[in-house]
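So this first bit is one chain, no partners, the form predicted on its own, shown in structure tokens.
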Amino acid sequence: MADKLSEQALVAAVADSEWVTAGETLVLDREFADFASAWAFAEQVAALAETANHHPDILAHGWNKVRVTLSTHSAGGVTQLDVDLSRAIDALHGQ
């Protein structure tokens, strides 16, 4: 099992990114030009998650928005697995 990150490590993990901390999670909100683009992003995130065998909550809402929420439930918070997946998600669009 992965260890939960310290508060200091969590702050460092989201520095210079679109990710924010929300309780025991990392959250990314993205807005797209249209529904198809939002859905394509959600599918890309799902493919990354499947490869990593680490599955976030993915919420497509509105007609062009996607929220990704990362947490390691077995650790009770954010672990390095979540940080690694967040960076892979960022790389989808050159973040």
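Note that the structure is predicted; figures quoted are calculated from it, not measured. Start at 1 with the first residue shown and count on from there.
Keep in mind that the form predicted together with another copy of the chain is not shown, yet the notes after this line are about it.
Annotation: in the predicted complex, residues L70, R87 and L92 none come within 4.5 Å of another copy of the chain through any heavy atom. Among residues of the shown chain, L59 is one whose heavy atoms approach another copy of the chain to within 4.5 Å in the predicted complex. Although the partner is absent here, E43 sits close enough that one of its heavy atoms falls within 4.5 Å of another copy of the chain in the predicted complex. Although the partner is absent here, E31 is not a contact residue: none of its heavy atoms lies within 4.5 angstroms of another copy of the chain in the predicted complex.
In the predicted complex, the residues of 10-36 lying within 4.5 Å of another copy of the chain by at least one heavy atom are, in order, F35, A36.
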